[in-house]
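What follows is one chain in C-alpha cells, specifically the form predicted on its own.
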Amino acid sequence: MPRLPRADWYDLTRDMNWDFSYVTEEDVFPELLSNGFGVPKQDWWTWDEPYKITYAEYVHNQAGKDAGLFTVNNVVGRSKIFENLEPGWMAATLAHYGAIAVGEYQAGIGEARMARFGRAASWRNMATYGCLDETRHGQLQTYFPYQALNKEPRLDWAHKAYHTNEWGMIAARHLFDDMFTANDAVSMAIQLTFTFETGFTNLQFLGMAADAMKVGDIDFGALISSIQTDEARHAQQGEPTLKILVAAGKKDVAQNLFDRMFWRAWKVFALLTGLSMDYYTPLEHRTHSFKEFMEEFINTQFIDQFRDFGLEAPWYWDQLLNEMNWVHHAYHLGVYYWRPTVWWNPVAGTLPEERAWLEEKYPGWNDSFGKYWDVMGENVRAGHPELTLPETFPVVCNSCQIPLCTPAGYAAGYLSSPLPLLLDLDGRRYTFCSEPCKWVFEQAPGQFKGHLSIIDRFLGGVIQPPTIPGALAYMGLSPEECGQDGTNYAWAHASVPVAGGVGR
C-alpha cells in the first residue's frame, strides 16, 4: 500500500466497520463503557473526523516535534533562564505541572477507552493517536520539571501531586475521574474532547505558550506549544460525535452532557487559569484579563461553534457570566491565605500598578477585594504576618471540591446571599457553592455521594491529628514544601492604592 497514492487506500484502513457474527453488539460495546444512547450502529458508522492522518505521518510529525523540543530543553537546561523567572510566573508553572502532568496520563486512559469502545472504526483510529498524544504529554510534563529539580525541588510535585490528598488535587482528580475514567466513550467525546479540550485547554495552552515566551520561559513555552498542536488534532473527536447525536434526535443528551462538564471544567479552570492570568503573570506581559479571555475566546467563539450544531447556551449562563467578575478573585484570596496548603509560593499580585490594572479590568475591585488585601498589608507592616495565615479550614463544595467563596461574592455585591446551598440525601448533608454545582451533583448522585471532601475527612476523624499540621501532613506537604509568600511581602511594603488614587 505505501506504493499506492494515499487517496487509494486511506479510507479503507481507517474506516473498517463490520457486523458481528460470533458475539452480540452488547458484548463488543457494553453500555457501561460505550453507551450509544439509542443511536443505530449504522448511524455511528457515518462518523467522519475533520483531521485525517496516517500512522506514518503521525510518527514523522511527532518525531520532528520531539527533536525540536528536546533541543530547546537541552539548551535552556545549561542556562540561567529558569533561575531568573519572576516569582509569579514560577508559581504559575509549579501549579500547572502539579495539576496537569499526571492528569495527562489519565486522559490517555480516556483516549484508550474511545480507541476500544468508540462506535466507529474511524473514531477508534483517531482515538489511538489521541492515546499516544496524552501519553506523550504526561511524559513530557514530568520529564521537563525533573530536569530542573536541582533548581526547584518542588518541581517533583509534577509527579507527586496527583498521588496526594492535597485539596487542589482532590478537586482536579474529582473532575478528571468523572471526565475520563468513570465515563463511557460517547460521553467522553462530548465532555473531554469537545467541552474540555476544544472549549478550555486548547485555548489555554495557546495563551500560556505565548505568555511563556513573553516572560522569557522558552522551555515551558516550547513545551506547551508542542502539546497544543496535539490537542488541536485529537480534540476533533467531539464534533462528529456531537453531530451524530443531534442528527439522531438526541440533542437533549448532548446538551446535558455538555452543560454538566462545562460547569465542572469552569470551576477548576477559574482556579488554575484565573489566578495565573490576573495575578501570577507579570503585569507587563499580560495581554488579556481572565474575564476578557473568557468573553472573547470561550463565551463568544466557542459558544458560536456549538450553537452551529443546534445546542443552546447552558441554563446557568447568567450565573457563569456573574462568576467571571469575581470568583477567581475570591479563589486567589483563599489560595494566598491558605498558602501553606499548596506546593507553590503564591504571589499577592497587588502592587500599586497591579491594583490599578485590576481596578481598570474589574471596576470596583479596590472597594470589594482590595479591602481584604489592605487589612493583610497592614498586619504585615505591623510585624504580624502570622495574621495572614489560617487557623482553621473553609467549607468545601461537595461537587467541585473547591472551598466555598459565597461570602466574598456576597460582600462584593454579586450574590444575593452569602449562604451555601444544602442537600440532605440518605442521611447525609451535602454543601454546594452554587446552584449549578448542586445541579451537577443531582444529575448523578450515585456517582458522587460516597465521596468525602477534604473537610468531610477532617471532621470525620480521617485526618489525624485534627490540626493544621496534621492536615498538611495528610495532604503530603512537608514544612519545606508548604507555600510561602512568593515575594517576601514586597507587595505589603509598597504604597497601597485606596479609593480615588494611590497612597498610604
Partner chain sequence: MALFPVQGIVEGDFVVVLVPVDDTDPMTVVAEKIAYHGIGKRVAPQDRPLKVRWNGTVLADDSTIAGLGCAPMDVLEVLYA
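Just so we're clear, the structure is a prediction, and the values are computed from it rather than from any experiment. Positions refer to the first chain, counted from 1.
The same protein also has a form predicted in complex with the partner chain, omitted here; what follows describes it.
Would the partner chain be touched by all three of 375, 431 and 455 in the predicted bound form, meaning a heavy atom each within 4.5 Å? Checked in the predicted bound form: all three residues contact the partner chain.
If we take heavy atoms and a 4.5 Å cut-off, which stretch out of 365-373, 208-216, 173-181, 123-131 is in contact with the partner chain in the predicted bound form? Heavy atoms within 4.5 Å of the partner chain in the predicted bound form occur in 365-373.
Is residue 394 one of the residues lying within 4.5 Å of the partner chain in the predicted bound form, judged by heavy atom distances? Answer yes; at least one heavy atom of residue 394 falls within 4.5 Å of the partner chain in the predicted bound form.
Could you tell me if residue 420 has a non-hydrogen atom within 4.5 Å of the partner chain in the predicted bound form? Contact check for residue 420: yes, within 4.5 Å of the partner chain in the predicted bound form.
Contact flag, residue 319 vs the partner chain in the predicted bound form, heavy atom cut 4.5 Å: So residue 319 does not count as contacting the partner chain.
In the predicted bound form, residue 149 touching the partner chain (heavy atom, 4.5 Å): Flag for residue 149 set to no.
Counting non-hydrogen atoms within 4.5 angstroms of the partner chain in the predicted bound form, say which of 158, 330, 235, 348 makes the cut. In short, 330.
Contacting member of 247, 283, 72, 411, with respect to the partner chain in the predicted bound form [4.5 Å, heavy atom]: Only one listed residue qualifies here, and that residue is 411.
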